[in-house]
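Taking the form predicted on its own, here's one chain by itself in structure tokens.
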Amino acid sequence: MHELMIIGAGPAGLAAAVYAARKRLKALLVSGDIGGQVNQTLGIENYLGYQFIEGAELIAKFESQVSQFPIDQKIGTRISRLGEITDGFEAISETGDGFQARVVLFATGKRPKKLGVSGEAEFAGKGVSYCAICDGPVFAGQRVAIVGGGNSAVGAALDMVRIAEHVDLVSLTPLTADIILIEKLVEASNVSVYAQYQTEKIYGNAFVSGIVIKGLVTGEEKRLDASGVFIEIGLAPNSEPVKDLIELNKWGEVPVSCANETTMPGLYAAGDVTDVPEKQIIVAAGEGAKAVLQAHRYLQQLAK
């Protein structure tokens, strides 16, 4: 049995691993991948120490630092359920393997939300994408549509205007992205913004050829040609493994105290899977570090 198990290897989990090593904890880091959402972030301009760095490069630096410490790792292993056992917790993987620890830090992050319209599932991987950064270059010189109005959607549009023939940005609400991003977007000559329009349908033959949108105010229906459709409407927390252990909030997030405690003693949580309001890389890393310091104090109390 490990003293500490860290589930998730995004910024929160990786920062937690560094702090666990510094406290000489017998720790296990288990995750389906390294980096999580940050791997899908092209450019980062607000992480201290770097005026600009690509997401994959920043994660590589995090991973390199973690690898210098004797932390047990099970990367490529996704946890499907976390349960209580005598003196701790047991995490069960999708393949049925079990991992035990006295204390757990749950830091599984979030995943892209689905739009839920006709054609979305049919054309997934055939023009429908949830990551403009990952798949955008495939559509260079073509018309594309981006669905969403927040930072992720406007950021994706800014990436695509550089390489696409034209970008249609379709938002159910007025744009909610940061003003600085919106200002950059409206300067582009090859973008059209459809605010307060609902995406009704994605259509095509073997591959996507367009979308149908409808104005919420006007009732007007439009067909927009698109070879690629990028759905950027937010993220859902990967909280399913703990849903039977603790009560989640209405968004499915894990509620935590300022000390990263959940309602179950010995179970801590950090990063985007929690109800901490700001979903930022620097916030997640700080929360991961703070959570391990709290977990270390808890383990000391158990040893008394």
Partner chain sequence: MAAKVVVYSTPTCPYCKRAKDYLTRKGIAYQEFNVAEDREKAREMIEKSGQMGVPVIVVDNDLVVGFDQAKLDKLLLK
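Residue numbers count along the first chain shown, from 1. For clarity, a rigid core is taken as the largest C-alpha set superposing within 1.5 Å between two forms. Computed from a predicted structure; not experimentally measured.
The protein also exists as the form predicted in complex with its partner chain; that form is not presented, and the subsequent description refers to it.
Novice: Is its partner chain close enough to Ile34, Ile133 and Ser227 in the predicted complex that each of the three has a heavy atom within 4.5 Å of it?
Specialist: The answer is yes: all three residues contact the partner (heavy atom, 4.5 Å cut-off).
Novice: Residue-level question: is Pro174 within 4.5 Å of its partner chain in the predicted complex, judged on heavy atoms?
Specialist: Output for Pro174 is no: heavy atoms all beyond 4.5 Å of its partner chain.
Novice: At 4.5 Å between heavy atoms, is Gln40 in contact with its partner chain in the predicted complex?
Specialist: Residue-level check for Gln40: yes, a contact with its partner chain.
Novice: Is there a heavy atom of Asn190 no more than 4.5 Å from a heavy atom of its partner chain in the predicted complex?
Specialist: No - in the predicted complex, heavy atoms of Asn190 and its partner chain never come within 4.5 Å of each other.
Novice: Contact with its partner chain in the predicted complex for Gln142, defined as at least one heavy atom pair within 4.5 Å: yes or no?
Specialist: Close contact exists here: in the predicted complex, Gln142 approaches its partner chain to within 4.5 Å, heavy atoms only.
Novice: Exactly one residue in Gly96, Gly116, Gly125, Gly219 has a non-hydrogen atom within 4.5 Å of its partner chain in the predicted complex; which is it?
Specialist: Result of the distance check: Gly125.
Novice: Between the options Pro137, Gly234, Gly215, Gly83, which residue brings a heavy atom to within 4.5 Å of its partner chain in the predicted complex?
Specialist: The residue in contact is Pro137.
Novice: Quick one: find which of 236-244, 54-62, 270-278, 257-265 has residues within 4.5 Å of its partner chain in the predicted complex by heavy atom distance.
Specialist: Stretch 54-62 is the one.
Novice: How about Phe123 - superposed on the rigid core, does its CA move between this form and the one not shown by 2 Å or more?
Specialist: Comparing the forms between this form and the one not shown, which are aligned on their rigid core, Phe123 does shift its C-alpha by 2 Å or more.
Novice: Just checking, between this form and the one not shown and with the core aligned, does Glu84 shift 2 Å or more at the CA?
Specialist: Comparing the forms between this form and the one not shown, which are aligned on their rigid core, Glu84 does not shift its C-alpha by 2 Å or more.
Novice: Taking the shown form as the reference, report whether the CA atoms of Arg162 and Ala60 lie closer or farther apart in the predicted complex; the distance changes by 3 angstroms or more.
Specialist: Between the C-alphas of Ala60 and Arg162, the gap widens in the predicted complex (3 Å or more compared with this form).
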